[in-house]
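Presented as structure tokens, the chain that follows is alone, the form predicted on its own.
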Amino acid sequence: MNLLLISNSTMAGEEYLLWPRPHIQNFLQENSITEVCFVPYAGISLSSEGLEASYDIYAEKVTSVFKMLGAKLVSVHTSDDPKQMIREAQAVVVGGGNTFHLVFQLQSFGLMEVIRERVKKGLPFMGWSAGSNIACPSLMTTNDMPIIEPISFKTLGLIPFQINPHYLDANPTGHGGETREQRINEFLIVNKNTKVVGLREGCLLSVKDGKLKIIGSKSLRVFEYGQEPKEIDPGQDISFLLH
């Protein structure tokens, strides 16, 4: 498989998709991608005029970036046959937003199976935030509010571990709730055999030729049941997580 799993689209104060732009461009060029199929279903709060308007705005926003990088973008929400659009795609790109709504829509349209089948056969896949979450076995380590109930929490299962995107080491000053680490440990108590990667902002995971690497400006955290979290620096081969 060929995956680019990005923690976040934008760093504070930066242009949209600025920090991962060089990595996206390399991904496109290395795979000779001139057109991408975009999945906008996680972006539901961009317009007060409803879902279709939000999807239009989201697709236009991402289109402007990919155009600069030399790739055309088509969005599944504009197609009468989104399954066929996925089947004919050169690459699939899944944007961030609300993971529950993203999964609900993918399951409703029967796209989860189509994407999984094509990506496992080599179709390049890129996602950020919620788009990275769905590469995992389930959505259970998302940070999002469950605003809608999907058919199942099961997602693409392209990788055997869970990602927690936007991972934070501590809570904001004055906040008395659980830390992100505490929430992940709750997950591990119930799901003892599943590893969780805390993927900090400004970082991404690259899967290619059976190898997994962390790329970016910060280390990631690997959580396993009954063990102390491990810090792994950028540039390291972390392929052990694929097994």
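Only a predicted model underlies this, so the values are computations on that prediction, with no experimental measurement involved. Counting begins at 1, following the sequence as shown.
One more form of this protein, predicted in complex with another copy of the chain, exists but is not displayed; see below.
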| item | value |
| --- | --- |
| Distance check, Met140 to another copy of the chain in the predicted complex, heavy atom within 4.5 Å | yes |
| Contact flag, Phe100 vs another copy of the chain in the predicted complex, heavy atom cut 4.5 Å | yes |
| Interface membership of Pro82, another copy of the chain in the predicted complex, 4.5 Å heavy atom rule | no |
| Non-hydrogen atom contact Pro146 with another copy of the chain in the predicted complex at 4.5 angstroms | yes |
| Contact stretch among 118-126, 168-176, 87-95, 71-79 - heavy atom within 4.5 Å of another copy of the chain in the predicted complex | 168-176 |
| Answer option from Val65, Leu51, Ile57, Ile215, heavy atom within 4.5 Å of another copy of the chain in the predicted complex | Leu51 |
| Triplet Leu18, Glu35 and Ser108 all within 4.5 Å of another copy of the chain in the predicted complex via a heavy atom | no |
